[in-house]
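Below sits a lone chain in structure tokens, taken as the form predicted on its own.
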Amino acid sequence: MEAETAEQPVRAEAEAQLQEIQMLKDKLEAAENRYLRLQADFDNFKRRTRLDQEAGEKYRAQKLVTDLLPVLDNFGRALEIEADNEQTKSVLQGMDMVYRSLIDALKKEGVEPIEAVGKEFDPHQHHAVMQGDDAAYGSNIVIEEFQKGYLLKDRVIRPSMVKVNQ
């Protein structure tokens, strides 16, 4: 009996130590989980920041392009004027040169006009303002373009305003 009573404090101490070891393992596991979550959050933050920077660089010209689109529209309307004398023809020729230079500069930045007439209506690229009934075109095909639309790289800056066949 004395051996059993002597073993009890040792057994109790061993149990206490085992409980302390388990508690420390649980704390360590919780700390490791927190560390892994923080690491994953940080990796996600770095990825989002990099993607935001890449998008900012890719579309850095968007505001400038958006501001220049009315200028392009006005140039297009001005170039449609019929010249009735040499002086007007000369002015229109100069305007055409400036217009082409502006178009070329925008193309270098990744600006492309959206093709509309004869294409199937795409609500992401076209803004339908009218419907028509033209037997020469199939159903849901753009038959007329009222305002040119533009893409900057792969993003629609301004959709084309179009008339769509029923």
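Since this is a predicted model, take the numbers as computed values, not measurements. Just count from 1 along the sequence shown to find any residue number.
The same protein also exists as the form predicted in complex with another copy of the chain; that form is not shown, yet it is the one meant from here on.
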Subject >> Residue contact check: L106 to another copy of the chain in the predicted bound form, 4.5 Å heavy atom >> reply: yes
**OP:** Indicate whether another copy of the chain has at least one heavy atom within 4.5 Å of a heavy atom of D67 in the predicted bound form.
**Re:** yes
Original post:
For I141, is any heavy atom within 4.5 Å of another copy of the chain in the predicted bound form, or not?
Top reply: no
Original post:
Is I114 close enough to touch another copy of the chain in the predicted bound form, meaning at least one heavy atom pair within 4.5 Å?
Top reply: no
Original post:
Listed by sequence position, which residues of 76-92 have a non-hydrogen atom within 4.5 angstroms of another copy of the chain in the predicted bound form?
Top reply: A78, L79, I81, E82, A83, D84, N85, Q87, T88, V91, L92
